[in-house]
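In the form predicted on its own, a lone chain appears below as structure tokens.
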């Protein structure tokens, strides 16, 4: 008789954004006349930049000719993309990362879920709290997180590092020693960042205790302050303790196109085993590569035209973030984020739980956000709004919230 992976049965409810989407659809079905504005999921709304479209069209034409047709992509990704990533994202910033340490994929979400496969189930993970749900859920599916406590909304074998207003929503080194440390900066959901000095402390700690940092840098394109590092490899010693995840979704609008990459330095080892080789084995076995046309589009992101066009898109979303931040602060809300990341993190009013505020906001302003408790227990009484909507919808949503009686 076939048996299921009972680790899935331990997972609480459905995936956070699936629940948010379901509740929105149910409300819309019951109120078909309502114009619901979604500031919940971090999905971009601006069209692909012209330089990217030109590259896509050219690559599609190449696929229509026998002389230029491409089949399976190389395991790590095409050299033309990996080379430009290595040069512009790393070497230009003083980071010692080579093209053959870059693994091209279909996005950071997949990689953040899959990277745990190369580590033993005996490893203990540490996560910021609140945190992007995929880190914990993927480890729970693998059977690494222990048992789930519904009352505390925590897993028995996970080290939670509270990110609160008291520590500026940045985790502190835990008392219990972890094996795998998940860090995300600029942070999703809080929008918080750390300085290079603070990040160096994490690198030094990981090297000291023999831990590996899984560093999610999906939002690095939104960094505006000079002392905030764009990559963990800006820190000395990171090559021996860190894996970095990157995405084209937020910096280039590839949420529906799908492209990302993971960096695994050859110097990074566990028990004397090079993790680069393990990830290469997993990558080659379970993944057939991002499509040629998509990788050509990714290459265009680094062209002079692409870089200029995408800076304008990032500025568009950050202008939305400023409007949300300023509007909510004017309305009396306690808010943070929105400076180096396209997310606003606000305290729910009048002691409402985050799901109570979700329902209240949907009912009274027809605006959808994301409850902070969905990101972890320390997210309770907080709420996330995204700046990825259109400017017009962003203005209307904020004006509705300001007019809403609490």
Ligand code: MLT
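Numbering follows the first chain given and starts at 1. Predicted model only: the values in this text are computed from it and were never measured.
Omitted here: the form predicted together with ligand MLT. The next part is about that form.
- Segments offered: 36 to 44, 22 to 30, 59 to 67, 347 to 355. Contacting ligand MLT in the predicted bound form at heavy atom distances within 4.5 Å is 36 to 44.
- Not one of 78, 262 and 292 comes within 4.5 Å of ligand MLT in the predicted bound form, counting any heavy atom.
- Proximity of residue 185 to ligand MLT in the predicted bound form falls outside the 4.5 Å heavy atom cutoff.
- Of the heavy atoms in residue 132, some are within 4.5 Å of ligand MLT in the predicted bound form.
- Contact annotation: residue 215 falls outside 4.5 Å of ligand MLT in the predicted bound form, judged by heavy atom distances.
- At the 4.5 Å threshold, heavy atoms of residue 248 stay clear of ligand MLT in the predicted bound form, well away from it.
- The contact residue chosen from 283, 82, 296, 109 relative to ligand MLT in the predicted bound form is 109, the criterion being a non-hydrogen atom within 4.5 angstroms.
- Heavy atoms closer than or equal to 4.5 Å to ligand MLT in the predicted bound form belong, across 213 to 248, to one residue only: 219.
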